[in-house]
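Just one chain is shown here, as structure tokens, and it is the form predicted alone.
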């Protein structure tokens, strides 16, 4: 394992997690969660868990993000926050 890479990935994951819960726009939150999932994919593959990394990439970054964006696109905004 490369400790500098692990530390950088942990730092980016924490930044993405905090940004996802503090951002006010739902579309931005969905994109940030996709980035979080991609960072998790890199972390899993760096730990030689390629099957888990592939599943995380397909489900976490792929399907879930598409479903979030589709759900956000079908809603209408009622406030101007």
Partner chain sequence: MEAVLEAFLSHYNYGMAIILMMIGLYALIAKQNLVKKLIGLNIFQTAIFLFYISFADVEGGIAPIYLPEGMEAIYVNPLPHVLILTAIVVGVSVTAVGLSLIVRIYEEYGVIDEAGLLKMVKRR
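Residue numbers count along the first chain shown, from 1. Please read all numbers here as calculations on a predicted model, not as lab measurements.
Missing here is the form predicted in complex with the partner chain; even so, the following discussion is about that form.
Peer 1: If we define contact as a non-hydrogen atom of the residue within 4.5 angstroms of the partner, is residue 33 a contact of the partner chain in the predicted bound form?
Peer 2: Yes, residue 33 is a contact residue.
Peer 1: Going by a heavy atom distance of 4.5 Å, is residue 29 a contact of the partner chain in the predicted bound form?
Peer 2: Residue 29 belongs to the contact set for the partner chain.
Peer 1: Within a 4.5 Å heavy atom cut-off, is residue 47 in contact with the partner chain in the predicted bound form?
Peer 2: Within the cut-off, so yes.
Peer 1: Would residue 42 show up as a contact with the partner chain in the predicted bound form if we use heavy atoms at 4.5 Å?
Peer 2: Residue 42: no contact with the partner chain in the predicted bound form.
Peer 1: Residue by residue through 48 to 66, tell me which have a non-hydrogen atom within 4.5 angstroms of the partner chain in the predicted bound form.
Peer 2: Residues within 4.5 Å: 48, 49, 50, 51, 52, 55, 56, 59, 63, 64.
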